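Shown here is one chain on its own, the form predicted on its own, set out as structure tokens.
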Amino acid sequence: MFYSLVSLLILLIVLMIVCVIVANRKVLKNRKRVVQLIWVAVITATCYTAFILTPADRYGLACFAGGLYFLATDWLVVYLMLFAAAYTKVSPPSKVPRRIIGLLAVIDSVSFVINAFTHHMFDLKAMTAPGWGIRYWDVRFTPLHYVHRFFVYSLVLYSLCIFFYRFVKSPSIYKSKYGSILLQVTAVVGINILCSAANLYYDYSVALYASLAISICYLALYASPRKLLEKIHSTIIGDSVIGLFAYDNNGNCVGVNRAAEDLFGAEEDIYAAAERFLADWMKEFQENTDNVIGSERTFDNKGNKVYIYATYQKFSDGKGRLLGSCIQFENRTEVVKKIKAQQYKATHDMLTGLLNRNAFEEEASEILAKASVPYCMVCSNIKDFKLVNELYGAEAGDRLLKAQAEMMRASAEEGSVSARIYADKFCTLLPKSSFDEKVFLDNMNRILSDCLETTFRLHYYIGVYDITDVNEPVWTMYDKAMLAIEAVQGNYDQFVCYYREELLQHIMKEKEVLGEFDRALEEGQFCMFLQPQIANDGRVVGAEALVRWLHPEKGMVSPGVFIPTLEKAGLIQKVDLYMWECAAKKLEEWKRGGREDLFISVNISRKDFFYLDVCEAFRTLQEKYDFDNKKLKLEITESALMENVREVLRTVDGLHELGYDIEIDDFGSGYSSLGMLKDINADILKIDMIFLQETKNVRRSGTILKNIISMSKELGMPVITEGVETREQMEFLTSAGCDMFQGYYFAKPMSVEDFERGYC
């Protein structure tokens, strides 16, 4: 038994040294503490082996060797504690406890060294085992030795507590990492206590110290990390959101994680599905020899479209022999859906689902680039669409727009594309042979009647541009179709209009007008013409100021060309300001020349109320020029009065306070003439020439005209009738009581110089 123990200890010492050599060859976590623990275990086992091998006649040497053994046990448990703290990451919050333990270990070590001389820790006696004939050293402990034991067992208990705490608190996959060492240390300590209590001839637990050191080396540096890594890999793979199929070297599926099952569905054998997937993959990439191959895939799972990115990877040994392979699946369905949703938002109108402006331009350009048949651009516009939202609410307007979009989708043919450009403006590019204006109008009228169940009737206009040059910009085509709509807007008999080159010429003329306007105003090319106004007794009482443009190169530019253009561009107020000043200046001149009996009427257009402070403008004229305010008559059209009633009435009152007379121009051409007369404080009524135009109902027209004149008399308002062109008209108006006349029968508009020569 003695020699067996010695042999075992020597073998363990050799194994521990081998462990140290092997461990030092690799960079491993916790290697430093493990190597330190093994070296202390080597020293402990060596000292004990030397102790039990010391001959009976070498008492002093035996005491020294025994002291070294007990000294080594001190440092064995100290380094066990240090290993436990490093391995579990549990250590005291400060270095003070460690320093105290180190100091106690040093004191205990010194005590055992001097014990060879003082025998205050233990004493020895050579003994022979009865019946065995084995000589051994009987260790006789002093009371002070039990202090050493208390110190040692306290450190061991602390180490066990550290392992136990980490064992309890750690997740299940980490429990074996700490539990295996905890169990072995507990067993060794227990056996050590039993050996001490049994008073055996030899301390067999020393062999367990060495075995424990070897075991800790294996568990801490190799087995536990490898096992833990396998568990972590297994958990990561099993719980990963990335699907995985694993295959052996023959292409047989040997593993499928949950993400892959969810991805491909569990209605069929998932392993068979995995093997089919690999077979299809290898057919597609049979000529590709790369170790890693990636590809996008799409498939259906229970009717749902799934987008994935699959990565194939094969594994080989050091000699290039195939060990197996795997395919990983990244589910990109949500990402793809978000991208598609963003792309949809970027290319479609969110209300109707039709293409938006940018996407329409791109697709229309592509279609025209490949066109082999004639195409046309069809644009649509609903007249007074804003009234739908105002009268019936935005929901009704949206319903109408969506119904129109659905109609356009339903009637779409191959090679056509439709879009909502903005508001109620839609356009379609389609083969010319596919466009049937009657069908288009019928469909739209049906939508209007279905969506708006009311007597209120909307009018729908269509502009068509027959494309002659497919290389023309798409928006030029759109603009031409919209120009066609502008040509028929306001016409209740015509709903479809085709683009003609004359429309473009009209636009070019407008651009010329706008381009030359500022310079013309600065150079005084705009002139004031006067058309006389005649009293019913034949006297010339005044004139209406009319603007004329005398272009230095083009000559007289028709007011019908530049006035609508300037009104559309929001520039007419500049001309009006200029004309008001011309009239004020001329009245001042007439006043100085003694002609204070004549007045001049100037027009205030409806746009002036939006862009100008009209009262302030005429107040400024009063301060700048010396004229009688009553001689500057201010004409406001009936349509301007009805457009912004409150603002206009406030302005009229302000002009009256300044001393001006207000004329209602074009009376009878609007929609609410009588209702307007009761509210506005006007001074003169100017009847529109519409009542003097040829009509089948001459008698009815005359009756209306007489009653208007009679009504104005009762209201105390003088009456001027414009557009008088014949003697008969003049005589009829005179008999009806008209106060003043204006028209070609008396004189056409003329220059100021001609007016002054003829009437001043």
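Numbers for residues come from their place in the sequence shown, where the first is 1. Remember, it's a predicted structure, so these values are computed and weren't measured experimentally.
What follows is about the form predicted together with a small molecule, which we do not show.
Visitor: Within 4.5 Å of the small molecule in the predicted complex - does that hold for a heavy atom of every one of Gln531, Glu635 and Val724?
Guide: Judged in the predicted complex, Gln531, Glu635 and Val724 all sit within 4.5 Å of the small molecule.
Visitor: So which of 516-524, 244-252, 152-160, 545-553 is the stretch with heavy atoms within 4.5 Å of the small molecule in the predicted complex?
Guide: Checking each option against the 4.5 Å cut-off leaves 545-553.
Visitor: Met689 versus the small molecule, in the predicted complex: is there a non-hydrogen atom within 4.5 Å?
Guide: Yes - in the predicted complex, heavy atoms of Met689 and the small molecule come within 4.5 Å of each other.
Visitor: If we define contact as a non-hydrogen atom of the residue within 4.5 angstroms of the partner, is Ala86 a contact of the small molecule in the predicted complex?
Guide: Result no; Ala86 lies far from the small molecule in the predicted complex.
Visitor: Does Ile572 reach the small molecule in the predicted complex, with heavy atoms at most 4.5 Å apart?
Guide: Ile572: yes, in contact with the small molecule in the predicted complex.
Visitor: Considering only heavy atoms, tell me if Met121 and the small molecule come within 4.5 Å of each other in the predicted complex.
Guide: Output for Met121 is no: heavy atoms all beyond 4.5 Å of the small molecule.
Visitor: Heavy atom within 4.5 Å of the small molecule in the predicted complex: which of Gly324, Pro97, Pro559, Gly353?
Guide: Selected option: Pro559.
Visitor: To verify the annotation, which of these, Met407, Val540, Ile680, Ile563, has a non-hydrogen atom within 4.5 Å of the small molecule in the predicted complex?
Guide: It is Ile563 that has a heavy atom within 4.5 Å of the partner.
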